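What follows is one chain in C-alpha cells, specifically the form predicted alone.
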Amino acid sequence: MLVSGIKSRPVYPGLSPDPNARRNLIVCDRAGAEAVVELVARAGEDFVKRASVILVADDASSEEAAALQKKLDPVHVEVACSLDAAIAQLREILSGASMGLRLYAAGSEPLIGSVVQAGAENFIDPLSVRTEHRGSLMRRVQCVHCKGMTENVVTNPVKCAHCGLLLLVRDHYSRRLAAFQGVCINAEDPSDSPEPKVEFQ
C-alpha cells in the first residue's frame, strides 16, 4: 500500500559526534539509549563533558530507568516520564540556549520528529539535527480531514482517534507537524472496511 521513494520520507543517518559543539544535547527513548551508549563510546571524554541526555522512560519502572541512567554514565541524564514531558523540557532548554549547541535524537519516529520540530521552533535547521532511528516503527498520523493526531500507530489502515474515519497511512511526512499523513480509505463506500494489518511494529 505504501509508495516508496517519496521525497518527504525522513532519512536517519545515525548519530555522530560533533567535535566543535560547545554543548551536545541528546534526547532518546529506551531503544535510542543504545545508540547513545555507542555514540559516547566513539566520541571520547571531551564530548561527554559537554553532553547531557533527556531520557524518555515512559512505562519504565524506577529500577529500569535507574539501570538506563547507569548505562549512560558518565553523561548527565535527566529522566522524563513521557515524550510530552521530554519535549517540554527540551523547549525550555532551547529557549535559553546559546550558539554552539548540537541537537541529537535517537529512538522512535515520533520522538525524532518531535525533537526536530522543537529545534525548528528555536531556529535549529532540521537537517542539522543528528538522528538515529531505533526500536519501534510506530508512527504519529495526522488525519487530513479533521487535522487530529493519532499517536503510536502500528496498523494500516488505522481509525482516526478524533473523527473515527478509517485512514490509509501514507508515507508522506510533514516535518512541520512531525507526522505522517492519513487519508480516508473508504470515502466512496464507507461499508468497505479493509482489515487493518500491522505494518509499523
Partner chain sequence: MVIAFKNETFRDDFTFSNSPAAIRRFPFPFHEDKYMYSVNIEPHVPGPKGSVYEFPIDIDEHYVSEMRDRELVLKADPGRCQALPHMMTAQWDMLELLMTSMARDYPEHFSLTQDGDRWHWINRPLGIDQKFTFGDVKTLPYEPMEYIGRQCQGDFSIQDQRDGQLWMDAGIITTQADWSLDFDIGMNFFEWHGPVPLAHQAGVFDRALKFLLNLQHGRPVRRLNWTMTINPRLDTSPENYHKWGVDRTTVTPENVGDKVHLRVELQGLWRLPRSNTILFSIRCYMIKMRELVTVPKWGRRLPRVLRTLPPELVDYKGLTRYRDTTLEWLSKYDDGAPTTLGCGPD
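A quick note: this is a predicted structure, and the numbers were derived from the prediction, not measured. Residue numbers count along the first chain shown, from 1.
The form predicted in complex with the partner chain is left out here; the points below concern that form.
In the predicted complex, H145 approaches the partner chain with a heavy atom inside 4.5 Å. Of the heavy atoms in A179, some are within 4.5 Å of the partner chain in the predicted complex. In the predicted complex, the partner chain sits within 4.5 Å of a heavy atom belonging to Y173. Interface residue remark: L165 is counted as part of the site for the partner chain in the predicted complex, having a heavy atom within 4.5 Å. With the partner chain omitted here, the record of contacts in the predicted complex names 145 to 153 of 30 to 38, 145 to 153, 128 to 136, 45 to 53, defined by a heavy atom within 4.5 Å. Contact annotation for the candidate site: E78, L83 and Q201 all lie away from the partner chain in the predicted complex (no heavy atom within 4.5 Å). Although the partner chain is not shown here, in the predicted complex the stretch 97 to 133 places no heavy atom of any residue within 4.5 Å of it.
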